[in-house]
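The data below hold one chain only, encoded as structure tokens and taken in the form predicted on its own.
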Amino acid sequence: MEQINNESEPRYWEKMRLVADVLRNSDAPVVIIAHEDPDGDAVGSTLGLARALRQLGREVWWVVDPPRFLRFLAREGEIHEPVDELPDDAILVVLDSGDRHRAVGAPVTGFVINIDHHGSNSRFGQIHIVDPAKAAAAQMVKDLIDSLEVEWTEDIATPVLTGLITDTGNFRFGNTTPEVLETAAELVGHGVNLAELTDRLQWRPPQYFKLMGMVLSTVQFHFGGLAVTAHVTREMSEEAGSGEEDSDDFVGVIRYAEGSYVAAFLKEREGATKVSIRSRPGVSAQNIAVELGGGGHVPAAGATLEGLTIEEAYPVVLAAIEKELQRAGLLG
């Protein structure tokens, strides 16, 4: 799986205008989906686009199931149930999904528009815009909404800004460029209460903190401290009374271990182990994830190891990390 080059600036805007024309001028229903286990960018980018298209009078099916900490973004009745079959004339918009097989909520068939910022995107669909230089799919959706010439409102801007905030780690990650900050400023200018939004995004249920204590007890350091790992089992989640999604951001906790270049968080699932990976400059989480059959970005990526328990997954994950640390010149 090789990284795909960024769109050239003129080509990028040409494609955005083409997508805007298609969405604006067709009478067909628009179905919007994202990747499995949607994060803030997947939820925010899709919801922002859905609301913008509804403002244009379009029929929109927003087929995304937000995790608990993001459900406050959705109004009652906005979430559409997953569908097994699309209307013959439907337009399917897939956001923030590097591969058609990761997209959930509806079959990836018919006329497909693929908008994504993952360098490993397979460029599926009749129209695809892939730009790894963008910090978030939400940044691209902001450009698309501008191309649609929709009047910006707080309702549209809030989820779009959410996507930008979450994929830049509250503007702390290396993908926080001047363009990102300018985009964020524009969105705040459309009425978003930034302090209220950033506070709300950090809310977690009580059982989250009980589970965190269990997870921190599993922390291990490897390769002289260059890598840090932790894990959560289904038994731990059940004991804490926690849902599976409550552990999604624990990799963001262990990534700050001093001296580490790689953080890997392993989550037990039925018949599989999900791995979330974060890395510091000079080391590629994407390379590690690809080695494990997954994908993502250079600083943040993931993979699912089918058929492996956590105990079986650990040596596989550590071998991939070791290979990347050697490539980066940090291990002999």
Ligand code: 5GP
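From 1 onward, residues are counted along the sequence shown. This one's a predicted model, so the numbers in the text were calculated from it and none came from an experiment.
The same protein also has a form predicted together with guanosine-5'-monophosphate (5GP), omitted here; what follows describes it.
The contact with guanosine-5'-monophosphate (5GP) in the model of the complex, taken as any heavy atom within 4.5 Å, belongs to Arg102 out of Arg102, His128, His80, His222. Checked against guanosine-5'-monophosphate (5GP) in the model of the complex, the residues Ala300, Leu266, Val31, Val283 give one hit for a heavy atom within 4.5 Å, which is Ala300. Annotation: in the model of the complex, residues Lys142, Thr153 and Gly163 none come within 4.5 Å of guanosine-5'-monophosphate (5GP) through any heavy atom. Contact with guanosine-5'-monophosphate (5GP), judged by heavy atoms within 4.5 Å in the model of the complex, is confined among 43-51, 59-67, 23-31, 303-311 to 303-311. Interface membership of His118, defined by any non-hydrogen atom within 4.5 Å of guanosine-5'-monophosphate (5GP) in the model of the complex, is confirmed. Taking non-hydrogen atoms only, Ser276 approaches guanosine-5'-monophosphate (5GP) to within 4.5 angstroms in the model of the complex.
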